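As structure tokens, one chain now follows by itself in the form predicted on its own.
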Amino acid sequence: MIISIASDHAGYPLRKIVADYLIKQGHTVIEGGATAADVPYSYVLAGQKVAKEVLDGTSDRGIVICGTGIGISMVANKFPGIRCALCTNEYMARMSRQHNDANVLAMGARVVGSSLALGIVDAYMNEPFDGGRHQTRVNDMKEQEKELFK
């Protein structure tokens, strides 16, 4: 699977850990965003990069990381077609895939430690979308986007 991952400077150390982990699992990783933890980089630019790459098919899914995960998830969710889930535990990540078909995962580097983050990533990457009644709700979201983003 091809994964686009980007972060601001606060998320940089965790992004490197997650990217290396995904590469070791055999995924192709497209990294972007901050070049170091001590060089300021906007979470807005990082979130935009991942959202665009998921939407244009450059990547299959995305992961965005900032200090709390809040700002960067808000940015990603401004793009019609992106369903970005801010997850702080593995259960949320599983449900974001099972029920919402989330195509972008957001995490906060100052909120989750690296071990927990890798568990969240595993849950997000390995959980399938259940479809069925959940597909109806995802379709409702898509219709809402069509109406609101004319």
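Keep in mind the model is a prediction, meaning the values are calculated, not measured. Note that residue numbering follows the sequence shown and begins at 1.
This protein has a second form, the form predicted together with a small molecule, left out of what is shown; the following refers to that one.
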### Touches the small molecule in the model of the complex: Ile17 (any heavy atom, 4.5 Å)
no
Quick one: is Val50 in contact with the small molecule in the model of the complex, heavy atoms, 4.5 Å cut-off?
no
Residue contact check: Ile70 to the small molecule in the model of the complex, 4.5 Å heavy atom = yes
With the partner left out of view, is Ala10 within 4.5 angstroms of the small molecule in the model of the complex by any non-hydrogen atom? yes
Three-residue site Tyr43, Cys66 and Arg110 fully in contact with the small molecule in the model of the complex at 4.5 Å by heavy atom: yes
